[in-house]
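Taking the form predicted alone, here's one chain by itself in structure tokens.
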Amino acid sequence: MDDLGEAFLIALQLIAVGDRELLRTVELSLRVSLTASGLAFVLGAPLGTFLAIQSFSARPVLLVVSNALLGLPSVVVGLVAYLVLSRAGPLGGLGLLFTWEAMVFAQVLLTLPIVVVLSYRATETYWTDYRDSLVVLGSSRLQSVSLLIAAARGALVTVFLAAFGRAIAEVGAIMMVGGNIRGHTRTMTTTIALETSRGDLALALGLGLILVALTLLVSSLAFVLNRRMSDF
């Protein structure tokens, strides 16, 4: 217990003084997760909205697949990303394996289904309410998607936060394609796993506290936004 208490105090000191390694790890984690969440949102929000307004035979299949992918283990996503980025894979020539860009790619694969499914749910109601008006106005499918995204922007912010929350907490997939290289591809989650296995609890606890704080911040923002939306 004394060792744990000492490690906790050292962790607080690392945060207070702005330890270089700790800050570098946090910065990389935020860069990777924000980039991945942004890309997943740019790709997934229009796709989810399109599925909400478009009726075609394959739509139920796409929705079932998207929902099924929500529960896909992260190591499977990491394996797919590794195979795609490896030398024998279709993107192997880019030399992205064991870089922070590879981790972004893995997190995009992981969070894209989340954005698609939640965007579909967020815009489906708006489409039901405004479909007749948009049809009367002669809006194209592209225009309808744009208008629904604008109308559901509050809910879609929570979709982005959900994707970011999933990305920032990821371990398995990014470790497989990033390699957990110190100073290059070592994020908060992979560092916590590594340092805990080594018995260096101070750095692991410091990063853990920051990660918990970020998770609470994201959850609080999502809660506040949902409350504000329910008031309208």
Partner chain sequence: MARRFLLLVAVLLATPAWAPAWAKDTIILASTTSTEQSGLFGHILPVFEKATGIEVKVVAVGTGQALAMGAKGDADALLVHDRVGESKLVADGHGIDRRDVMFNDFVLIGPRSDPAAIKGVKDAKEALRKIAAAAAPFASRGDDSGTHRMEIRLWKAAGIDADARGKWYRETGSGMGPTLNIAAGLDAYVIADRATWANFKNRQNLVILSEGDPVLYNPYGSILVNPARHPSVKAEAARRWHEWLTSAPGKAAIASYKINGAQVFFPLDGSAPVR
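Numbering follows the first chain given and starts at 1. Here the structure is a predicted model, which means the values were calculated and not measured.
Same protein, other form: the form predicted in complex with the partner chain, not shown, and the subject of what follows.
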Answer among 32-40, 166-174, 62-70, 48-56 for heavy atoms within 4.5 Å of the partner chain in the predicted complex: the stretch 32-40
In the predicted complex, the residue from Leu118, Val80, Leu112, Leu97 that sits within 4.5 Å of the partner chain by heavy atoms
Leu97
Give a yes or no for Val157: in the predicted complex, does one of its heavy atoms lie within 4.5 Å of a heavy atom belonging to the partner chain?
yes
Ala150: heavy atom within 4.5 Å of the partner chain in the predicted complex?
yes
Contact flag, Val136 vs the partner chain in the predicted complex, heavy atom cut 4.5 Å:
no
Contact label in the predicted complex: Ser86 to the partner chain, heavy atom within 4.5 Å
yes
Given a 4.5 Å distance limit between heavy atoms, list every residue of 47-72 close to the partner chain in the predicted complex, or none if there are none.
none
Given a change of 3 Å or more, say if the Cα atoms of Ala222 and Val64 sit closer or farther in the predicted complex than in this form.
farther
Closer or farther apart in the predicted complex, the C-alpha atoms of Ala222 and Leu118, for a change of 3 Å or more?
farther
